[in-house]
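Encoded as structure tokens, the following chain is the form predicted alone, with no partner shown.
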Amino acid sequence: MIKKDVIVVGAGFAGMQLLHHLRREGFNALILESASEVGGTWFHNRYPGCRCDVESMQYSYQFDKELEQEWKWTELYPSQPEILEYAKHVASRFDLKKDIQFNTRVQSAEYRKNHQHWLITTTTGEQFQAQFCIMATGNLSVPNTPRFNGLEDFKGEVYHTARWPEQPVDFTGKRVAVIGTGSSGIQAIPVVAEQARQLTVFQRSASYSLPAGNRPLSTEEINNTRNNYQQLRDKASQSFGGVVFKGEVNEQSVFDVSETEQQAEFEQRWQDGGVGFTHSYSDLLLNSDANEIASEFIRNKIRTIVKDKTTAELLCPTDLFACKRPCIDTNYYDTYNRDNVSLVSIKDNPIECFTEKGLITDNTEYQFDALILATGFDAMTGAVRNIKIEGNDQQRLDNIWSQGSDNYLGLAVHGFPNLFTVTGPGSPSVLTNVMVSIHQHVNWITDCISYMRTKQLGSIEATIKAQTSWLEQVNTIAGYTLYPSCNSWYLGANIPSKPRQFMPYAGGVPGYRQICQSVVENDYEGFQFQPAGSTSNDH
């Protein structure tokens, strides 16, 4: 039995910052990580073209000024290899690996109420005891593999974008199939098309994708950002999504201006690149008529780029823009002008089954040598639900979350004392630059644990009243937006058994941060404490 003050599950960016902060506050903490290296999602997602959709110098830690100055990003949007190297650099710089146990998968966590601690057990039977257990398991970490009939019969190579081999895969001269045109597929398809003899893309629903406008960073840009990092961080913290875009957020309604002005604004945002397009006008995510104007602009861009009219129309999304997280790409739509690339819609003619040589849809057989599943994730709750977590009275978190992701502030769940989730459901998380959201959560959790140590408190638990109220608030705010209007992974719609619930908090970074601060200022309103050594139910 290994005893610690805090066990952190996951050595991605959240887990590493937690470990650094907890050690700085004098806590004896340990990370349990299933992979062989740090990096989390950026360790596993190494598929061709994998890249972040937040600019590199903003997708970085902000807790150490020297770190900001010493690391040199090379591109506007960082690639997976560069992000992973950054994660390794941070782990080395702060000597984090001495408190990380790799190749260790957590199987269960049981809260022992009478002793006010968690008993964490791994798949190998190793056990750890800690007062606090923090789930830093990431929002996009559990691959979603649809249950295709006969997939095991296929004799060719099979890859999932979220579990890509560590060694590069060469598709030169091969017939390749890609299933999925979400973010992973949109990034991988142009790169694979350059290698493959033939690439067939199977699409269920078209995604909106914006040009990234990626390019190398100049020395002048890097130095300018380094010299003004604090100003950039402050500005980002006051923005809705925790990120600063090239163009300012336009507070006008799309209906306040003429059609000519609308198109000019959209065109400028398109040329600027990135998801800043969503801030072209203030009502794009609030009003469906306003959204349709922006949506049609993007569809017309697709029709202009893609030469084959039938293919172009298949690539035009029919749902609302940005009700799913918008993708950004490099030459995605241009790729369909290549002679070796074809698009197959499986929306009306689903995949019937796989064969030894390929798959069959609508009585048509497609043969290929390699299959890439770009089918996304069991987002936001998948990693936590995969662990058998038992709280008070042996209640199971996976059972509770099978009906909906009940939580308070995205940080805690009633019935599970001393358990925290970083950027969990009910927080802004995936609607933001997650590095900003991680920073805020890590600071909040670390401050809370330090407060408890000072006050000699043994446990903290969200109240059912606060949790119910918070869920109502999350749902109310989501209802003001267009986010819940389409079947996205924000609602768990990509997982057949998952309850339909809009999981992120859509009120933005500044508002959420103020709520969390207010909770603390009001003596941790919505939480109940027990003194150290107490098993009483009196609070």
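Owing to the predicted nature of the structure, the values given are computational and were not obtained by experimental measurement. So that there is no doubt, residue numbering starts at 1 and follows the sequence shown.
The next section is about a form of this same protein that is not shown, the form predicted in complex with a small molecule.
- Looking at the small molecule in the predicted complex, residues 111, 416 and 458 place no heavy atom within 4.5 Å of it.
- In summary, among the residues 154, 240, 148, 71, the only one with a non-hydrogen atom within 4.5 Å of the small molecule in the predicted complex is 148.
- Of the residues 226, 325, 279, 301, just one reaches the small molecule in the predicted complex with a heavy atom at 4.5 Å or closer; this is 325.
- Here the chain stands by itself, but in the predicted complex one stretch of 165-173, 139-147, 192-200, 286-294, 139-147, has heavy atoms within 4.5 Å of the small molecule.
- The small molecule in the predicted complex is approached by residue 53, whose closest heavy atom lies within 4.5 angstroms of it.
- A residue is said to contact a partner when one of its heavy atoms sits within 4.5 Å of a partner heavy atom; residue 423 fails this definition for the small molecule in the predicted complex, lying far away.
- Although the partner is absent here, residue 217 lies well away from the small molecule in the predicted complex, with no heavy atom inside 4.5 Å.
- Contact check for residue 47: a non-hydrogen atom falls within 4.5 Å of the small molecule in the predicted complex.
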